[in-house]
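The chain below stands alone and is given as structure tokens, in the form predicted alone.
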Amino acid sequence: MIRNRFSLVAAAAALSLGLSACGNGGGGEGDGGDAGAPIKIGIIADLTGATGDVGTPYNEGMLAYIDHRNADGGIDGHKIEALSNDYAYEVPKAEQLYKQYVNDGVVAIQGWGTGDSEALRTKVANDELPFMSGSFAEVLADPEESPYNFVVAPTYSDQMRVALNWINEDSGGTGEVAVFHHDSPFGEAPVADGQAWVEEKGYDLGYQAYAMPGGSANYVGLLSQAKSQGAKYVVIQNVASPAAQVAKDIKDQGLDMKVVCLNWCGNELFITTAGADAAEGHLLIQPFAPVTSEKPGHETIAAYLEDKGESIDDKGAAWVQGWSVMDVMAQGIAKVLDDGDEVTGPALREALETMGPIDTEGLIGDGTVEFSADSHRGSTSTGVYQSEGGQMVEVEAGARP
């Protein structure tokens, strides 16, 4: 029911654009500088593809933020006009949508996956379109490599470093780590950096990576290989559903292994899909505050949802993540307008790089996101949680590599 409601919001936004867009064709030049003109944002969403289990609530959270902001008058009197479409985790489809959005005159893009974000980063640089996404691949945070990409939370590599620091301490300084990863650029993104971190820190940790075949009914075979390695820790860089299957397989096989999930499986969906018993005790590296952590920013979300007849208790970390990423972009747009400038791609990039700390009311990392001309890595801090009794229980706030 909730999914359908927000899908209708997206459809209404797209229909509104179809009726009103004049297609100015100028990449990076929107019409937010005109009094009251809408600010057009293109959204590339995975609702039905390989990562749709977390992509859908992420998209819902983003659209909910836009609905909330517009109901509150928009940004300095300008409504946000969202163009949101499903690309089903297919890079060619993402490239097609991107071209469509450029022709429609958007001023920025909210993307999704690592493969498509990396495929588009040269284009967004050439078109001068600020680009945020659900991907936290390290290359996207380097302005020299990706001058118009912004990563609001710790990169996957930073999350891996936090995970390895925790494992090193938990294991007493020696142990074997198996890294199970999605067989894609997203899954592979932090693998080499994790190995480098073990060597840089001088940890006495074995480290071996295993690609997770898509569509597998179970991961008993991979766990058998990890057992042969002697692994007691399984770091997972994948979405929630396959990670939950790993947890169930560990329980069913009676293995003495602890799962350590990074961002996209470090959430409530992992716990509910695995079941509380199978998920019990596993660790979750999650930069975006789940509602059980009760951060100040959750109060705004709770009030918005209550007005809609919904409850924040029904929303997970992926939903909060979509809301938060859109909020960071909106605060950058507000800075452009406060400065009396026209909302263009270059102006938004400069605002994000120079506006200093962005307050997220505790929803991202230690609560603030800050970019600079030298770094588009908005934060290096993350929450660390443990699954206890079917809940995400905070173990450490603001953990850094």
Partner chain sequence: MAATATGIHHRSYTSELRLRATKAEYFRLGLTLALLVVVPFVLDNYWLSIVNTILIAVIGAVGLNILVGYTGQISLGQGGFLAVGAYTSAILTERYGVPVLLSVVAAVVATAAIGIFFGLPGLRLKGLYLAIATLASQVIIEFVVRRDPGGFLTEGAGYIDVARLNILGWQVERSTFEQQWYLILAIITVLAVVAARNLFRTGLGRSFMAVRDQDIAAEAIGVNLTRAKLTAFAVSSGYVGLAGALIAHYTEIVSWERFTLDVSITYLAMIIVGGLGSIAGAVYGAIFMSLLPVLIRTAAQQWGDAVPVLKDQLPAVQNALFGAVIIAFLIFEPRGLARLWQRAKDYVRYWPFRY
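Given the structure is predicted, the values throughout are model-derived calculations rather than measurements. Residue numbers count along the first chain shown, from 1.
Below, we turn to the form predicted in complex with the partner chain, even though it does not appear here.
Among heavy atoms of residue 97, some come within 4.5 Å of the partner chain in the predicted bound form.
Although the partner is absent from this view, residue 188 contacts the partner chain in the predicted bound form, with a non-hydrogen atom inside 4.5 angstroms. At a distance threshold of 4.5 angstroms between non-hydrogen atoms, residue 184 is in contact with the partner chain in the predicted bound form. Though the partner is left out of this view, residue 79 does not reach within 4.5 Å of the partner chain in the predicted bound form, counting heavy atoms only.
Site annotation in the predicted bound form: the residue of 251, 93, 295, 258 reaching within 4.5 Å of the partner chain with a heavy atom is 93. Checked against the partner chain in the predicted bound form, the candidates 225, 272, 126, 216 yield a single residue with a heavy atom inside 4.5 Å, and that residue is 126. Judged by heavy atoms within 4.5 Å of the partner chain in the predicted bound form, the contact stretch among the candidates 320-328, 113-121, 68-76, 306-314 is 113-121.
Taking the partner chain as it sits in the predicted bound form, the stretch 42-74 comes within 4.5 angstroms of it through a non-hydrogen atom at just one residue, 48.
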